[in-house]
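Next comes just one chain, in structure tokens: the form predicted on its own.
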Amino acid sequence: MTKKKTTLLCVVAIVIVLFQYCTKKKGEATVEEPASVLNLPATPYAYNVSFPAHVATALAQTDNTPAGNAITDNGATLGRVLFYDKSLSINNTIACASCHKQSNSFTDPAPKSSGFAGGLTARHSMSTMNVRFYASGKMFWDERAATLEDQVLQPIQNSVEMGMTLPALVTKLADKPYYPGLFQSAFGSPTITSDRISKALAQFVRSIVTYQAKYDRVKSGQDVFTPIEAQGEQLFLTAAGPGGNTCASCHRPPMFITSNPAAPFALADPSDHGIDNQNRFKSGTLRNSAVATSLFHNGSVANVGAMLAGGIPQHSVPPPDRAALLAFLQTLTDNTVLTEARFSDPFK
């Protein structure tokens, strides 16, 4: 190659770099945006799976999926991409998955999560697992969102979390080469709307269900509890606390979730009074709780062990019972959901 050609190629490379830098939108962070080539299978993953009988029965009784937004493989695939795409934030730094990490049971190990400009969220990030079983369909710790479809759009528009507006988001996603085809597959046309974004995200989130823990194998007749685990289950089901309630009163098996949270069992917090200022908060699933950190609405309880030891008086149990209850709660841990490909980051 001649010296003249080498010089010309260097000039062209410099011009390309300068063009890419200068065409960045004003106020946009200088971070690398997601790759335009996604790591998606040729045939979409199956998001409607066969649940064990005990889980399927609970779903039939509590499913909050609306008639107009049933889970489809293509819809949930689009939702998966949206869930992990940092383009949903104003400066391309935060995705839904930034605060709901798969490796941490789709929540954040930190008490509060960081937003697009470094600010902290007002509350701890709730896990997105098993929300399909919250019969009322209301979302957030204070249940301010009537449905999951409503909830998934709110963090995107939050001034601390992702900082976008819905019109700006629609325009931004329309410029991404990978979205028209995904919307076409999911909804029959490439048109991008906030309603379709909402529906796809909700489909993906509803598909995140834990059903492969030891507890599920026991209830399916494929395994048995150890004596201490069996003792813990009986305590969970029958040991009465304040007002005669058992653990199962608010965390009903097999998904260990109900949508009627009671005030006496909330974490006292003078700065946050939760649902309708009644000092009560949404009840999350206890599945995978034995490996969770930063529990309750403000993330102030370190872990389940700390809770049982008196982190919240209404949840504390006598010392002789703690080991048994913890052993039982550990049988609710489903490790497959932490690495399952259909729930993983498609940009990797």
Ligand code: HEC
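Nothing here was measured: the structure is a model prediction, and the numbers come from that model. The first residue of the shown sequence is 1; numbering continues from there.
The next section is about a form of this same protein that is not shown, the form predicted together with the named molecule.
Answer with one of Q314, N48, T57, N39: the residue that has a non-hydrogen atom within 4.5 Å of the named molecule in the predicted bound form.
The residue in contact is Q314.
Exercise for review: Report yes if any heavy atom of N69 sits within 4.5 Å of a heavy atom of the named molecule in the predicted bound form; otherwise report no.
Suggested key: N69: no, not in contact with the named molecule in the predicted bound form.
(request) Using the partner position in the predicted bound form, report whether H124 sits within 4.5 Å of the named molecule, counting heavy atoms only. (result) Yes, H124 lies within 4.5 Å of the named molecule in the predicted bound form.
Is F236 close to the named molecule in the predicted bound form, meaning a heavy atom pair under 4.5 Å apart or at it?
Looking in the predicted bound form, residue contacts with the named molecule include F236, since a heavy atom lies within 4.5 Å.
For this session: Indicate whether A95 is a 4.5 Å heavy atom neighbour of the named molecule in the predicted bound form.
Result: Yes, A95 is a contact residue.
For the named molecule, considered in the predicted bound form: do all three of F83, L88 and E161 come within 4.5 Å of it, counting heavy atoms only? Contact check passed for all of F83, L88 and E161.
Q) Pick from 221-229, 176-184, 208-216, 137-145: which stretch has non-hydrogen atoms within 4.5 Å of the named molecule in the predicted bound form? A) Stretch with heavy atoms near the partner: 137-145.
> From first to last in sequence, which residues of 327-348 have any non-hydrogen atom within 4.5 angstroms of the named molecule in the predicted bound form?
Replying inline: Only a single residue, L329, comes within 4.5 Å of the partner.
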